[in-house]
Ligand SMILES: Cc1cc2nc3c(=O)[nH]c(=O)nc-3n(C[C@H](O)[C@H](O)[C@H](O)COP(=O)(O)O)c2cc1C
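Below sits a lone chain in structure tokens, taken as the form predicted on its own.
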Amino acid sequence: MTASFWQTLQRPIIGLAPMDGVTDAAFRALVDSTGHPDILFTEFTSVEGLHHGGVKLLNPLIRHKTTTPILGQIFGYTPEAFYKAAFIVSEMGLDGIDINMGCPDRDVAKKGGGAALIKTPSFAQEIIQKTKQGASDWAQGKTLQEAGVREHICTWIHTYREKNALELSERKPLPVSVKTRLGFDKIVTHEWISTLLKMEPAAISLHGRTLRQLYSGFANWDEIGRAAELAHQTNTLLLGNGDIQNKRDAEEKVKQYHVDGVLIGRAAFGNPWVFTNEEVSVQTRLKTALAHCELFEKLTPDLHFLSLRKHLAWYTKGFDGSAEVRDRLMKTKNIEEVRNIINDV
């Protein structure tokens, strides 16, 4: 396994979990500058969509300027598409490739991707192998075109790199990691994690629920702890995920279950300070909401502004008059309207 940023990160690693429809470039940049997590993940991107030339699917892989490692998360069910996606993530200037083997979405699972890969362990291993091969071939100089990536994807990436002055000083194979769950319809921690460890991923992030549970009940941290015991016999790091409420909670989980780190997900909604245990004023929250909108326009001007409304709702909870402010913000159509409302509060 090639040495990477994973080996140099200070333990415990406390990072922002990947969340579809949430962890876009603007949210990651905001959390990065405010909460300073150790690692960041993009939203997940379909390898089949990239394989067929879906240029819009490159938007989730946009990165902001930072020294914090950012992992491009991909999902799907076609090994050859994972091979090409490894080239794309590498060319986008990200720091690692994370394979989603835990998504509970029914449509994804029906096609054999996400958490459904838990039911096909040998196929999951093939996908990891193909992804690592893609990362290695890219590092050895193989081009996007030679890998069979569609021409308009190649053109988009070339333009993106020029526009952002993104220089790749040297080609190193990006580390490949996996995010997954305890099982599909039942807990199979030992068998499943052992299967993944044979492929020597740089890290495994384990959500403490099965697919059948979705996000109901409580995350099973005892099983996460058992997975950590298995990983500690290898060079693969094990991060736990599920029901982490704040940094103190994260640190307690690390001590109790001996994981190498944790990922914080839903607790970061409207609360990038979850990584610092900082208590902030209402005015700070509102100014941060506006800063989030500004980052969105700067980093992803082609995306629809209305996707910010859920974030604005999360920032405006739990203070006197919050319902009225939130109601007004839910009707905004652009950043100027948001700015006017926040300046009135």
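So that there is no doubt, residue numbering starts at 1 and follows the sequence shown. These figures come from a predicted structure and were not determined experimentally.
The protein also exists as the form predicted in complex with the ligand; that form is not presented, and the subsequent description refers to it.
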item	value
Selected contact from Met92, Ala116, Ile264, Ala135, since only one has a non-hydrogen atom within 4.5 angstroms of the ligand in the model of the complex	Ile264
The ligand in the model of the complex reached by all of Pro37, Asp249 and Trp273, non-hydrogen atom within 4.5 Å	no
One stretch from 185-193, 82-90, 234-242, 121-129 that, in the model of the complex, holds residues within 4.5 Å of the ligand by heavy atom	234-242
Partner proximity in the model of the complex: Asp20 to the ligand, non-hydrogen atom cutoff 4.5 Å	yes
Interface membership of Ser177, the ligand in the model of the complex, 4.5 Å heavy atom rule	no
Interface membership of Tyr215, the ligand in the model of the complex, 4.5 Å heavy atom rule	yes
4.5 Å heavy atom contact, Trp156 and the ligand in the model of the complex	no
Interface residues of 321-338 toward the ligand, as seen in the model of the complex [heavy atoms, 4.5 Å]	none
